[in-house]
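For reference, the chain that follows is the form predicted alone, supplied as structure tokens.
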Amino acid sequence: MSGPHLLLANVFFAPFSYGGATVVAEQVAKALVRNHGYRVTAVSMCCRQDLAPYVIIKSEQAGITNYLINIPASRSYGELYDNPSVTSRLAELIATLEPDLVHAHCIQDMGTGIVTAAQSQGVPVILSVHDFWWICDRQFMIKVDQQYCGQFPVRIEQCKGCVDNFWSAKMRFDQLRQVAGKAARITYPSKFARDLCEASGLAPGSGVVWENGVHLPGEGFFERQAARRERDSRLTFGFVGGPSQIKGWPLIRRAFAELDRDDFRVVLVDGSLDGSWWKDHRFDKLPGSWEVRPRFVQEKMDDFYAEIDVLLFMSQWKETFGLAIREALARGISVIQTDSGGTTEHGAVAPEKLIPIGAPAGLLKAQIEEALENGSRLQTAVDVASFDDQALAFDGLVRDTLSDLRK
């Protein structure tokens, strides 16, 4: 190996993989090793009662060593964003491993100590922001009534109705902004995320947009897609997630319930680890043919996408990226979606087609009916960044950062 040694900090990492940010961290790490000769070491969290608190266990998968810090289930409010015990372990790892650079990718639960521990040892940090953990006490800017917050910029004084203790929340807000300012680079998956965070005081002017990649369709995908369409003439809608208000399930259900035709299929993917999200839901009073499938691993996503023609993305909050949308567009699958922040920056859905957050079901129903009338099957695949593309862009950021240190 001739590339830099990267210490990658992410809340989860293989062998325990969960969530979009973890998918990105793992896939980019593999691409950096495969294509650019990096040595990547990961550090992540676990929570096991059979191990002592803050003990470190070591794992390895696909040639990447992962150090897991065992955190106790019960921690104080302050320990959720700045945990001295975790920071101590991270400082020990940095001193032992001597990485060229730390990538603090998704550090919810790990806390900001990774940044200060690296800085104290002269190791530069690239910080990547996911969701809105750095500016929102509740991470996703979703209020206690399950409605999107909508602040732009975020002003902590307006968060009093959401947080348990305003002064504790203000201390967190101020400290996270201070720590973010120590990073050599800050990346955001979308312009929307960068603009909102910087407007809210998170290291203004130091952020760059580093777009996420996705798994592109595998060999034979389009032939499988065409064969299914030839075999079954019904238009098929797909939805990935759970039956929550914030992901738009009540809206989807109402829109389909109002249809007066049933010549279509709907495939739902249960995103839970244990298959429990859709367990007690029944669809026999809805028109069309409905089925629920278990969550898929990255290598098996073509099995799902080959079965659908239209992806429904009805998120009721402003998200930072939206992996599923890009995965669908790369496979020639059309998308009906809400105007949900960074999820719209692919440019493949006309602005007038974006359904406003909080809109009534009638707007979605109209687009479903339009899709059924027009077929929506002969879409052209959209050019979407792959994980190799994303790793190439990150390699540029790393080399620029290390070059700056030598000046």
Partner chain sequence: MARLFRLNLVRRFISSYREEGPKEAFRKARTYTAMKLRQVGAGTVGLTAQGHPRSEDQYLHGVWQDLARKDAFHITTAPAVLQKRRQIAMIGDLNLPQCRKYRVEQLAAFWQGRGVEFEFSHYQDVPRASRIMQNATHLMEYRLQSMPVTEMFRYEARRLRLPVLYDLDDPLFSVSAYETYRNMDSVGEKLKAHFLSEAPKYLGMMNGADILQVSTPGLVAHTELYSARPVYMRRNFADQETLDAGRHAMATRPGDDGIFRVAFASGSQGHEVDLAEIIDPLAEFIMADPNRRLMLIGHFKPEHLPDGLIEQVETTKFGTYPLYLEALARANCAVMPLCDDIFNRCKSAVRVLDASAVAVPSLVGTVGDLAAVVKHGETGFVSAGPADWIEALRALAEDPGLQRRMGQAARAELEAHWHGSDGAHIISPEILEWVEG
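Because the structure is predicted, anything quoted here is derived from the model rather than measured. Residue numbers count along the first chain shown, from 1.
Beyond what is shown, the protein has a form predicted in complex with the partner chain; the following relates to that form.
Chemist: Which one, 156-164, 220-228, 322-330, 201-209, holds residues whose non-hydrogen atoms are within 4.5 Å of the partner chain in the model of the complex?
Modeler: Among the candidates, contact is made by 156-164.
Chemist: So which of 372, 46, 363, 354 reaches within 4.5 angstroms of the partner chain in the model of the complex, heavy atom to heavy atom?
Modeler: Result of the distance check: 46.
Chemist: If you check 123, 97, 267, 169 against the partner chain in the model of the complex, which one has a heavy atom within 4.5 Å?
Modeler: Result of the distance check: 97.
Chemist: In the model of the complex, does residue 280 come within 4.5 Å of the partner chain, counting heavy atoms only?
Modeler: Yes, residue 280 lies within 4.5 Å of the partner chain in the model of the complex.
Chemist: Against the partner chain in the model of the complex, would residue 109 count as a contact residue? Criterion: heavy atoms within 4.5 Å.
Modeler: Contact check for residue 109: yes, within 4.5 Å of the partner chain in the model of the complex.
Chemist: Using the partner position in the model of the complex, report whether residue 288 sits within 4.5 Å of the partner chain, counting heavy atoms only.
Modeler: No, residue 288 sits far enough from the partner chain in the model of the complex that none of its heavy atoms falls within 4.5 Å.
Chemist: Verify the contact flag for residue 244: yes if a non-hydrogen atom of it lies within 4.5 Å of a non-hydrogen atom of the partner chain in the model of the complex, no if not.
Modeler: Close contact exists here: in the model of the complex, residue 244 approaches the partner chain to within 4.5 Å, heavy atoms only.
Chemist: Go through 69-101 residue by residue and record those having a heavy atom within 4.5 Å of the partner chain in the model of the complex; state none if no residue qualifies.
Modeler: Residues within 4.5 Å: 71, 73, 74, 75, 76, 77, 80, 89, 92, 93, 95, 96, 97, 98.
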